[in-house]
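Quick setup: the structure tokens below cover two forms of a single protein chain, split into structure 1 and structure 2.
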Structure 1
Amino acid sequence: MTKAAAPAGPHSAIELLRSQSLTSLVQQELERRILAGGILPGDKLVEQDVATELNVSRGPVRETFRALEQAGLVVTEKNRGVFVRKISLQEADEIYEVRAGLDELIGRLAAERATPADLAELRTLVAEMRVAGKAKDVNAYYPLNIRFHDRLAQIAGNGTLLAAYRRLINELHLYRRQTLERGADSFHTSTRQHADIVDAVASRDGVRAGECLYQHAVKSRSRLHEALERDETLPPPALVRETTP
């Protein structure tokens, strides 16, 4: 034999460029920016601009656009361009509905398959969320919430399920970006629900875990609706309040 498999360590550049094409790199970068909020729903993506900024030609960028379109992150209008997808209230509603269904399944499976280490990790996350909740720190709470549910989806041990779940989460993320991140989720009930979920999983009660998660997702949707209705009665939300005082 020739040599041990390169341990992707020091000369990572050569390994990276050997396995990843420009298209996939561009895709990762654009995905990151869209989900991080650097680009907002409705924004137009201009091929040449993206290409110039990332130092590639338009080809890989166009390929990326087709992938992102299939992933549901952008929409293409022929001869007009591609735009970051805007998610309507109805669509968000639909997504929440499906998410509830998947979460129920996740709960059932996770209860069967969670290891003690998994449970400990979940408990740690819940504890961290409790702290962030008490401090009313949205910026800390939101990512923890995401991580908790994603971890649970991983624990369910079904890659197809995980992929489907993540796609929905991405789309909901898009929706949040669009509605100005006004998710002042009522921390208290939310954290308690998370604790209940972990307990159900720990006691191997798949049905109850599934029910908890289903209800949890449904409640999220309700909170969304309440927040929306509250806003509709208010004047259009002051868009940017970045005035340095």
Structure 2
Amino acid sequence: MTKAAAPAGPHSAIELLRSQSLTSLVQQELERRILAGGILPGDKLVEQDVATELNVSRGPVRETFRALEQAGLVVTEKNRGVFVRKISLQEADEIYEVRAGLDELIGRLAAERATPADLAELRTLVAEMRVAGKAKDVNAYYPLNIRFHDRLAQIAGNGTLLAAYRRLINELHLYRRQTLERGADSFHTSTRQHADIVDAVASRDGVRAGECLYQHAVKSRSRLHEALERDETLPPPALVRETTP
């Protein structure tokens, strides 16, 4: 008769918890560095080097690499290693098209479900973005921009939508930062659009909130092209749809 496996003892449970906690901390730190531009697209991540620098074993680093690959931030190339993901401008265009659709749905749902506390939080974020924008401080503005959109996606109240949005947005982060850094009027334009989005959500006008977010994604993509292709004569592919005056 085969004996049942003995339950894990307290030491095993503690080791498991410690490993999971370390993996979470390592992942947060690498995500922060990638999104802040400290680790650039195409850079190679060496498991042992990361483990040594962060003073952890290689296990949590290995798990972190898997999580970052699922999040779309790194890629594993056979016989070469792990690299911060690089996406082409064409891929960015395709992602923006999908993002515009998701953002429109987020706006419609957020307008239905936002609480007064949610709206106050969004207005506070916009106020902080305005201050950072006037100072042209991308290091302060960019995280606020991320928090604003992620908070809206949370307010929409759909877990599947939130997961899909986060996965998609991870792939655009580095390009979005470049748009802010290179666009002379990007801060002012971006802040104004965020304020308009909050006004639409606060008015409970789901159609207008959705349209504001859709157009925000479209215009973000246009600013990306302006920032990266200033010498090109061809316009970006059409995505803007006709809107009612």
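Between two forms, the rigid core is defined as the largest C-alpha subset superposing within 1.5 Å. Everything quoted here is computed from the prediction, not taken from an experiment. Here, a residue number simply tells you its place in the sequence of structure 1, counted from 1.
Given these two structures of one chain, say which is the form predicted together with the DNA. Answer is structure 1, the other one does not fit.
Would I39 and Q154 land in one rigid part between structures 1 and 2? In the two-part motion between structures 1 and 2, I39 and Q154 are assigned to different rigid parts.
Can you give the rotation, in whole degrees, of the smaller rigid part against the larger between structures 1 and 2? Relative rotation between structures 1 and 2 amounts to 15 degrees.
Angstrom shift of the Cα atom of G72 between structures 1 and 2 (superposition on rigid core): Its C-alpha position differs by 3.6 Å.
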